[in-house]
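Single chain ahead, by itself, as structure tokens, in the form predicted alone.
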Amino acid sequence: MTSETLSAPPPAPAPHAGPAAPVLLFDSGVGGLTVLEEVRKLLPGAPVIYAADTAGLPYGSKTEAQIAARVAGLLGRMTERFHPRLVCIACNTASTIALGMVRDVLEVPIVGTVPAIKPAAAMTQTGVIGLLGTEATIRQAYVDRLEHEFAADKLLLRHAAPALVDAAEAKLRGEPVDCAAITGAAEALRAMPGGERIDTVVLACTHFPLLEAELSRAFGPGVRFVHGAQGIARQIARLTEGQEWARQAPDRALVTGRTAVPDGYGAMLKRYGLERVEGF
């Protein structure tokens, strides 16, 4: 699958950046693990720090000002401490709101992600596209601009599905998934005028691909899903092309607001090769 990614011409690497300098992947929770999985396929030797702002969940119900300030502040502190060669905001909500501010304050290449409306418009056969995201993402003017530029001749139906974030987090912790949240999201899109003709669904939150199998069953046959993980990974590979990599220690995860990480969370992160889990 492909996606638009938000990126700018990369500044020169920081003088202290060396082969062990990591890629910092940032998300509000575990959704960015879908990006990590794709990054590992393209850059298996890349050292990674995965940062989950679990103390800030949910992002979707916060104001734009709250999200921008929180993301910029956290990434500023993390960049100062860990000296990454590149920062990836693996979160649609944070990217559509805070990316410009983060680029203003950090002197490292930044990769963000936005809803994959462009590839969805190319995929649809019926001309009707569903978009599932957080409340904050679906109301952004940036999404309006993407729709105008790439899907002006399509019908784009948006639905805020914040419960899917909790469902994805629960699934990765090995807990029961809230099936009602999944069927409810599908039914809400189908119930909109024209919704019965949806054949392509944009998963506009990095958490949601974790539930693609469940969403596929809820929507039924003939519906395809598009999200940004592969596109983000390709952009990271492009911006780091030719650089040396040297993983000198196991990859780690940072979890905000915790001094102790629950066993289920730690075990889940280790399945993604994040051997060390630390509070931040």
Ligand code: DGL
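What you see is a predicted model, and the numbers here were worked out from it, not measured in a lab. Heads up: residue numbers just count along the shown sequence, starting at 1.
Form predicted together with the ligand: not shown, discussed below.
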{"query": "Candidate stretches 25-33, 219-227, 246-254, 38-46 - the one whose heavy atoms come within 4.5 Å of the ligand in the predicted bound form", "finding": "25-33"}
{"query": "Distance check, residue 231 to the ligand in the predicted bound form, heavy atom within 4.5 Å", "finding": "no"}
{"query": "The ligand contact at residue 68 in the predicted bound form, heavy atom, 4.5 Å", "finding": "no"}
{"query": "Residue contact check: residue 57 to the ligand in the predicted bound form, 4.5 Å heavy atom", "finding": "yes"}
{"query": "Contact label in the predicted bound form: residue 205 to the ligand, heavy atom within 4.5 Å", "finding": "yes"}
{"query": "In the predicted bound form, the one of 198, 156, 102, 165 near the ligand [non-hydrogen atom within 4.5 angstroms]", "finding": "165"}
{"query": "Residues from 115-151 in contact with the ligand (non-hydrogen atom within 4.5 Å) in the predicted bound form", "finding": "134, 137"}
